[in-house]
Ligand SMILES: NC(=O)c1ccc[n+]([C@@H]2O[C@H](COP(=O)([O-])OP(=O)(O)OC[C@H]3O[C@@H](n4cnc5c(N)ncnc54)[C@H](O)[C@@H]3O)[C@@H](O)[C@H]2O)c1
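In structure tokens, one chain follows: the form predicted alone.
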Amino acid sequence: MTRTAVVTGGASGIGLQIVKRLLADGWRAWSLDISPALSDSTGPSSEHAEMFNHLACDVSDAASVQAAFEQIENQSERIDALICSAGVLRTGRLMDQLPEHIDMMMDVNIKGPWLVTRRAVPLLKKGSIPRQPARVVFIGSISGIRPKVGSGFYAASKAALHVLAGVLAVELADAGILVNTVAPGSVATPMLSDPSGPAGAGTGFQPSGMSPLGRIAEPDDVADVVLFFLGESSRYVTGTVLPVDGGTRAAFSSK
């Protein structure tokens, strides 16, 4: 039986890599993203076209989420996994942040996963069977464990997401749904490499840089752990937050 996954933030970065890995592993994948379409150069290859759908969706808007899942239900009577990767970062010292930026981070990073999970649960219940429970995976952040100056509200939103995932893991256990969180450190995505990106002048924010392993993460490093949480080996794992940061948060370095 072909398994079906829904991935938010599936048009770029970590979310896009998760979509590509799922398709390569034989999953049917639905990508939900505020971006209306994926380009031919960045989207999944043509060989996976029949197994892939992309829907424009604002995860922070309940009506948009409802409309997206109505389209999914028209073609899929159940889903086996939900991966919430959509997220936004606005940097700046706490006293310099703009209220609209705070609203955006809280709406996308906290309310969004809640809205999407709430809407997905009926389909996830249908996809859950004994010994193969349905899965929800949130993409959190190491900043939710060890926050930084210059991204305090982002860190707060991710810490809240970690808490949300833990509570959902307990509340959805009886429904046969496992909920876990992957917490990456710095990842080589377009947002990080953009010179006008989060580490702008005056924000006080600096990316973590090289981990103790001598590099920053690639999107595949995160996707690997997401796929672990979707696989048979994690069938008794729920409510966890797993850092994927090359040891960055393990101890402060003098380097």
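Counting begins at 1, following the sequence as shown. Just so it is clear, the model here is predicted, and its values are computed rather than measured.
One more form of this protein should be noted, the form predicted together with the ligand, which is absent from this view; the next part is about it.
Peer 1: Sort through 172 to 180, 69 to 77, 125 to 133, 140 to 148 and report the only stretch with a non-hydrogen atom within 4.5 Å of the ligand in the predicted complex.
Peer 2: Among the listed stretches, the partner-contacting one is 140 to 148.
Peer 1: Are all three of Ala165, Val225 and Pro243 close to the ligand in the predicted complex, meaning a heavy atom of each within 4.5 Å?
Peer 2: Judged in the predicted complex, none of Ala165, Val225 and Pro243 sits within 4.5 Å of the ligand.
Peer 1: Classify Ser211 as contacting or not contacting the ligand in the predicted complex by the rule of any non-hydrogen atom within 4.5 angstroms, answering yes or no.
Peer 2: No, Ser211 sits far enough from the ligand in the predicted complex that none of its heavy atoms falls within 4.5 Å.
Peer 1: Please check if Ile14 has a heavy atom lying within 4.5 Å of any heavy atom of the ligand in the predicted complex.
Peer 2: Looking in the predicted complex, residue contacts with the ligand include Ile14, since a heavy atom lies within 4.5 Å.
Peer 1: Would Ile34 count as a contact of the ligand in the predicted complex, using a 4.5 angstroms cut-off between non-hydrogen atoms?
Peer 2: So Ile34 counts as contacting the ligand.
Peer 1: Ile102 versus the ligand, in the predicted complex: is there a non-hydrogen atom within 4.5 Å?
Peer 2: Ile102: no, not in contact with the ligand in the predicted complex.
Peer 1: Which one of Ala159, Met106, Leu94, Val88 is close to the ligand in the predicted complex, taking close to mean a heavy atom within 4.5 Å?
Peer 2: Of the listed residues, the single hit is Val88.
Peer 1: Suppose contact means any heavy atom within 4.5 Å; which members of 55 to 85 contact the ligand in the predicted complex?
Peer 2: Residues within 4.5 Å: Cys57, Asp58, Val59, Ser60, Ser85.
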